[in-house]
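Below sits a lone chain in structure tokens, taken as the form predicted alone.
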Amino acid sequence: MKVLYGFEYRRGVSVIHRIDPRSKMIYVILFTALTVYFVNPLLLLLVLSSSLPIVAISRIGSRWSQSIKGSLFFIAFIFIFNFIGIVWATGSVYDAVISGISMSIRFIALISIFSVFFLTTSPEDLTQSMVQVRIPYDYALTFNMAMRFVPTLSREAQIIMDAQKSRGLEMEKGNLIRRIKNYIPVLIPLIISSFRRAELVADAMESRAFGASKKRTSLYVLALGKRDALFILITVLSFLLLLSLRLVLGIQ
């Protein structure tokens, strides 16, 4: 569940926190495309390292590393599953190892990129930026609320798991089928809690007359500044530099 902590925003005062969400979204789109396009582990490591300066400047290293550590189980699963599949298909252990490493680094890079974005972007600013790029407010609000509930549900799931363990539930023992069944006492309270929370949100929105006015106004409007232009320029140049390694030098 710790990997979901990378979606929990906390207010900060760094330069990265003050950058317009639309500028950071350009970084997310371009470098996500690189993680999908690249196959070579070294190039994927370069894509992963692109988020490290942002982590250092924004001072979110502890929460960023927590989300990476929380994904270690999924990384191991991806490597093993990919390794077995390549060996079964080709019989080459070397290709299986390289492919497994590449897939694992790609997953870490994706977690890192999105974690940096959501850890440094206010949900209110993200919603406003989506509205200003002509996304309907209903869709922007839905996306915003979904991202807010991800860390909340993660904390609730952890609380429920701790409570069930204190009552004697052994979740780590038994075979795979038994372990899956052990999670039923966790999933049922979590689903009920989610429905209750959704009902509270619906009542709150109704009490505030949500949707009564077709034309909405905003207290403030986001505007791109010099720091946003500089961030976009650095992002695009870094994207083109990494892309040139693949196209010009022929590195896969």
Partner chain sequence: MILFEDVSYSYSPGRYALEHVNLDIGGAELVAILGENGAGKTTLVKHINGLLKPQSGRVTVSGADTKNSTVAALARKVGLVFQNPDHQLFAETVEKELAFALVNFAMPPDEVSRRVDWAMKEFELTQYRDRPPFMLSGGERKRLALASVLCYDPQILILDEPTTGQDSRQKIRLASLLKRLNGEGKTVLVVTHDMEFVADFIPKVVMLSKGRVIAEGSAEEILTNRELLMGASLLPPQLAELSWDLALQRPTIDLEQVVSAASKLVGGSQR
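No experiment lies behind these values; they were computed from the predicted model shown. Rigid core (definition): largest C-alpha set, two forms, superposition within 1.5 Å. Residue numbers count along the first chain shown, from 1.
Form predicted in complex with the partner chain: not shown, discussed below.
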Examine Ile192 and determine whether its closest non-hydrogen atom to the partner chain in the predicted bound form is within 4.5 angstroms.
yes
Taking 4.5 angstroms as the cut-off for heavy atoms, does Gly70 touch the partner chain in the predicted bound form?
no
Heavy atoms within 4.5 Å of the partner chain in the predicted bound form: does Ile160 have any?
yes
Can any non-hydrogen atom of Leu169 be found within 4.5 angstroms of the partner chain in the predicted bound form?
yes
Identify which of Gln164, Ser154, Ser122, Gln132 has a heavy atom within 4.5 Å of the partner chain in the predicted bound form; exactly one of them does.
Gln164
Which pick from Ile57, Ala202, Leu224, Ile188 sits with a heavy atom within 4.5 Å of the partner chain in the predicted bound form?
Ile188
Please identify, from 43 to 51, 192 to 200, 60 to 68, 27 to 35, the stretch that has a heavy atom within 4.5 Å of the partner chain in the predicted bound form.
192 to 200
Those residues of 115 to 154 which, in the predicted bound form, come within 4.5 Å of the partner chain by heavy atom:
none
Superposed on the rigid core, does the Cα of Ser65 end up 2 angstroms or more away between this form and the one not shown?
no
Determine whether the C-alpha of Leu30 shifts by 2 Å or more between this form and the one not shown once the rigid core is superposed.
no
Large Cα move at Ser193 between this form and the one not shown, threshold 2 Å, rigid core
yes
